[in-house]
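Okay, so here's just one chain, in structure tokens, the form predicted on its own.
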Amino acid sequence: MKKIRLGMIGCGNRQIGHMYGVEEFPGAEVVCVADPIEERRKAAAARMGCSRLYRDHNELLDNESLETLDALIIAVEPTAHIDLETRVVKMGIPFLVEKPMTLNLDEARQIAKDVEASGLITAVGFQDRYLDLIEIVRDELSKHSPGGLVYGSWVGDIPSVWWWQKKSTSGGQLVEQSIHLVDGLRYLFGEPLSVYATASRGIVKPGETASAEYDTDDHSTVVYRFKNNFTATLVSGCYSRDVRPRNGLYITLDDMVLDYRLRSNLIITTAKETRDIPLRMEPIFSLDHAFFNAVLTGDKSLIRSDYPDALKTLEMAFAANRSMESGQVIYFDEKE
């Protein structure tokens, strides 16, 4: 069996998850890594058994090509995408990139156009799309009368990564973290009609319970309206340090409740029964393996969110940010 030769750009915690994905896929091998932190790239290279190490993505792309690798996994901070995917697309190298793909929508839109024009295989790290639990939710939604309310939440504490503390370097919690749930809403209910959002600060104390540079929102509430009478309220918060609330999507239909508990289990309740279905697969494995198989076979249908599709989710999240800032409802048929 031919092995897919992979390069890894970024060797931090998010990439470590993909390393597990590679290790669980017999037909994949890592042939090069890049990271500006020496100990991280050395640790990644030692773990994955490769000898080609680079200080950053530019050095990797200057020395590698389709002759030496088959695909890239890109897992870098939101502000580090400048000219990265643009170069990769020009080189014709398939890639999987973690979310958010960039904080620059104009850049993302151009990359999406270039990807579509080239036919390049791409994937974005919206791993929940690959969950068996989400497929069960989609199946149940198709069987019932359309319409209902959705409550989504991602509430916890502040992640340790440096970019998270500032909205200018993270996009805010909705863009950096809760975007997984934003994408879940798109995957389940289609494209939104409108969004209204609010945000608040004052719970987290910069310099005390957060870094002195902290300036992002402590919590936000976003209301997305969809076709077929679905309305979703999505709350995000990073102020809860000692207690982890239950997160996920809680969907109420006319005769059923679908309680998707984030990457854990799904509870389906009707008048006659309650079923508790546990998670049976690691979502990042399913995401990685779908991408690897797509590159090996050329079958792009295996990818559930490629770069052009993921752009719509990114735009959906940034539209909520614009609503937070303006206090206005944003309609998705409006041109920016």
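We number the residues from 1 along the sequence you see. A quick note: this is a predicted structure, and the numbers were derived from the prediction, not measured.
Just so it is clear, the following notes concern the form predicted together with a small molecule, a form of the same protein that is not shown.
For the small molecule in the predicted complex, the listed stretch (191-199, 239-247, 209-217, 123-131) containing residues with heavy atoms inside 4.5 Å is 123-131. Interface residue among C11, M324, A317, V22 relative to the small molecule in the predicted complex, by the heavy atom within 4.5 Å criterion: C11. Note on contacts: among A232, L72, V89, A75, the single residue with a heavy atom within 4.5 Å of the small molecule in the predicted complex is A75. Among residues of the shown chain, V161 is one whose heavy atoms approach the small molecule to within 4.5 Å in the predicted complex.
At a distance threshold of 4.5 angstroms between non-hydrogen atoms, D35 is in contact with the small molecule in the predicted complex. Using a 4.5 angstroms threshold between heavy atoms, H180 counts as touching the small molecule in the predicted complex. In the predicted complex, I136 stays away from the small molecule, with no heavy atom inside 4.5 Å.
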